[in-house]
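The chain below stands alone and is given as structure tokens, in the form predicted alone.
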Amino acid sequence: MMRTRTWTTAALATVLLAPAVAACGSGAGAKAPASRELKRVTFAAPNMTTQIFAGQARNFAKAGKQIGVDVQVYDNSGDAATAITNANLMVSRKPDLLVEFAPIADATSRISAIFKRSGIPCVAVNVRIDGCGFFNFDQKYLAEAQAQVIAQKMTAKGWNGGNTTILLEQASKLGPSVNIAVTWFYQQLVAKVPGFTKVRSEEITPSTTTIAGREGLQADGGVDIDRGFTATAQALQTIPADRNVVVYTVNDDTAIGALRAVKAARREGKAMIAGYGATQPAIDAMRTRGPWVSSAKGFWEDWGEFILAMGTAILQGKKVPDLTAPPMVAVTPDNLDKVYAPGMTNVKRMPPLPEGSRYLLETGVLQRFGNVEGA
């Protein structure tokens, strides 16, 4: 049975207890008048049972409340049919802005049609939807930043293509706009470390398992801890115990599962793990100087404030770029205390927006939060 749940800004804080941390144009339908003010937003989260998604939704609602915008959150429950039902419910609320984080890429064409018929501007998060503005990491930027970090660590340890296997953990149902993160990482890493066969990102498809013999593997680690554990445990059974392993995932929950599997196999001394999100478990793991060596930080938990600024820009009649991205940095044990207060997980201050996203500053929304350098 489909589950369709919605929370208002006020109710969300009491319902969501888990802390946080994966189509162009100005929006679907008719262009909004330039004087229109953003007051009501509907946001469909991909799955509220997953920590990173629930936390992001909670903070989105909190950010809206801070500046007087009512953010109503819907739970897509990781299911395409529920997402389509929610899309209709969201439209029926007649908000100023529709924000959709599709749980499955295959659902986006139906959601796009619903949004376009409504004439309400929309923003797609993490997974593209035709007719909506697009907000996401610059996946290639972050993947290359992490490849640089890990290549340096591998070189220092003498790890190379002859003694190391790279395990990519994709989330196949989220499609290419998310999984370019792992395939681009592979292309960049093997170009920087000796002994690996050079492979282009586009040569690694969703169905690819083995990459260049023993040098690379790909598994479907999904976006949750259990799936990450299972995918990693199964992959480790096929990788000889004398080989080093680099595990690269699409988010930190998957990486938590991967770390547990690596420890269960007693291979943490010959492993490096990298995730996405720089969540509290990632920070804690990196502070131990163990196998978790990097996590891409796109300030996921704060995306709500950037989407509020993006929605405001759309309502003001601005033409948004192909991709609007948040501030981004590869967090490592060496720079943790530059990004966070020492010993803490609270962000000191986010770095500046990338060039293509600086139009958000013109809306004045980010200045009301005061947590981004340059705003």
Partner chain sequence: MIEKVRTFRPAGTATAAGGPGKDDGGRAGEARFRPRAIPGGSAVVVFFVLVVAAFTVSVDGFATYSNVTVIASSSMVIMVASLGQLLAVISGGFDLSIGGVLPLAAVTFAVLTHDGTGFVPAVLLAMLVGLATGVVNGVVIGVFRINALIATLASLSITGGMAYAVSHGLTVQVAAEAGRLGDPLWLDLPAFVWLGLVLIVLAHLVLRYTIFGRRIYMIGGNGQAALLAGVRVGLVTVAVYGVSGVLAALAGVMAASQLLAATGGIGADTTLTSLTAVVLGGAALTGGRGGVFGAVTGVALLGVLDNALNLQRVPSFYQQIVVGSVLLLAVGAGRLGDLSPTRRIRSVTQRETPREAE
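Numbering follows the first chain given and starts at 1. The model shown is predicted, which means the values in this text are computed figures rather than measured ones.
The next section is about a form of this same protein that is not shown, the form predicted together with its partner chain.
*Asks:* Report the stretch among 293-301, 206-214, 70-78, 109-117 that approaches its partner chain in the predicted complex to within 4.5 Å, counting heavy atoms only.
*Replies:* In the other structure, the partner sits against 206-214.
*Asks:* Hey, with its partner chain in the predicted complex, do 147, 163 and 197 all fall inside the 4.5 Å heavy atom range?
*Replies:* Heavy-atom distance to its partner chain in the predicted complex: none of the three under 4.5 Å.
*Asks:* I need to confirm a contact call. Of 130, 202, 268, 226, which residue comes within 4.5 Å of its partner chain in the predicted complex, counting heavy atoms only?
*Replies:* Selected option: 226.
*Asks:* Of 44, 41, 314, 52, which one comes within 4.5 Å of its partner chain in the predicted complex, counting heavy atoms only?
*Replies:* Selected option: 52.
*Asks:* At 4.5 Å between heavy atoms, is residue 82 in contact with its partner chain in the predicted complex?
*Replies:* Residue-level check for residue 82: no, no contact with its partner chain.
*Asks:* Would you classify residue 235 as touching its partner chain in the predicted complex, given a 4.5 Å non-hydrogen atom cut-off?
*Replies:* Contact with its partner chain, yes.
*Asks:* Is there a non-hydrogen atom of residue 218 within 4.5 angstroms of a non-hydrogen atom of its partner chain in the predicted complex?
*Replies:* Contact with its partner chain, yes.
*Asks:* Residue-level question: is residue 280 within 4.5 Å of its partner chain in the predicted complex, judged on heavy atoms?
*Replies:* Yes, contact at 4.5 Å.
*Asks:* Does any residue in 298-333 get within 4.5 Å of its partner chain in the predicted complex, counting heavy atoms only, and if so which ones?
*Replies:* Counting only heavy atoms within 4.5 Å of its partner chain in the predicted complex, no residue of 298-333 makes contact.
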